[in-house]
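Presented as structure tokens, the chain that follows is alone, the form predicted alone.
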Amino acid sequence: MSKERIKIAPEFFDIMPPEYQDLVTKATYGNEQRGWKDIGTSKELIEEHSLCAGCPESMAFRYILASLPNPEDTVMVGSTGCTSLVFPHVAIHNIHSLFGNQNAVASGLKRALMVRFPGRVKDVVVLAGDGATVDIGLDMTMQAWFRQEKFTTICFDNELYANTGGQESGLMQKGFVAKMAPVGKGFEKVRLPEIAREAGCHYIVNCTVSKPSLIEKVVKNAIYVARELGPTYLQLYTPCILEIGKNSMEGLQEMRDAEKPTERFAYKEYISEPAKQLLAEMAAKDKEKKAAAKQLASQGA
């Protein structure tokens, strides 16, 4: 989907659904500077969802979609789980894969887009839960990293199988007792960020989604690095408040507690040397662009 293709022919504008009219006239398509601050002022790429009230995943979805630098030319690949309930509401092309094979689907998709649209930026972003990423889909996740596929993988880490009743997952904390894990987890949380580094990812972040400005930064960095160098990985804590016994308004505090310096979701970032160089060059160009714009504005005044 390109910005040109979503335009409405003038003779049909008045009969199009008002939601589509708003999307075309008020969305942030074509604006590379779009970000989380556009939420509530521009037409959002997700406005309604079917997740539980207060679900941190709904916050994460909004921040991620608001931070995509190229939504009109982005395809998201999802997997079975709570996330699959949201994708029908998303104003971005998306594919629903089978449970666990999302990185294999994204690999073929990214390569096909590069052949079909040479010279044009087409971003692919995988979004899946911890079961699809680290348990059932670990082989296909890692093989995509080994092959240096140029797309971003985002894991919504619920630390259990939230969509099917609270079974134990590889990312669950050791000793945690869930409805369908009554004796508690018997082994430590799988260190997937460390595995991602060993498997060749160029940019890796482990954090919560409590800070929208932080999510905007890491999402953009991950996508920019993936475009040029290879695989990137974000592991975002999006706790299932129902399965861990929290009220609908307690998800944000749960994330804040989990991101304290000594906790498992304290902010951690890994950037490969080529990625450091790329991001530094991009930051320098952005600084030059802002300085030029500021000078032009002062001359006009």
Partner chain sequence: MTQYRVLPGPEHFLPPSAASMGIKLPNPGEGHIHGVIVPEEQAMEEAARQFLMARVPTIFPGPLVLWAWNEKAAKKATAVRHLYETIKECVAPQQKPMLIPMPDYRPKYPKINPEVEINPNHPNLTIWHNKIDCCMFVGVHCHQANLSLKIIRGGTNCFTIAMCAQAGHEDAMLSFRDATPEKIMRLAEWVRKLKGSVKPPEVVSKKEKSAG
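What we label the rigid core is the largest C-alpha set whose atoms superpose within 1.5 Å from one form to the other. Numbering follows the first chain given and starts at 1. Everything numeric here is computed off the predicted structure, so don't read it as measured data.
Just so it is clear, the following notes concern the form predicted together with its partner chain, a form of the same protein that is not shown.
Though its partner chain is absent from this view, in the model of the complex it lies within 4.5 Å of a heavy atom of just one residue from 165, 186, 182, 88, which is 88. When its partner chain is considered in the model of the complex, residue 48 lines it closely, a heavy atom lying within 4.5 Å. The closest heavy atom approach of residue 24 to its partner chain in the model of the complex falls within 4.5 Å. With a 4.5 Å cutoff on heavy atoms, residue 294 does not count as touching its partner chain in the model of the complex; it lies far away. At the 4.5 Å threshold, heavy atoms of residue 14 reach its partner chain in the model of the complex. Remark: of stretches 225-233, 88-96, 211-219, 125-133, the one touching its partner chain in the model of the complex is 88-96 (heavy atom within 4.5 Å).
In this stretch, 140-175, not one residue has a heavy atom within 4.5 Å of its partner chain in the model of the complex; the partner itself is omitted from this view.
With a cut-off of 2 Å and the rigid core superposed, residue 282 has a Cα displacement that falls short of the cut-off between this form and the one not shown. When the rigid core is held fixed, the Cα atom of residue 15 travels 2 angstroms or more between this form and the one not shown.
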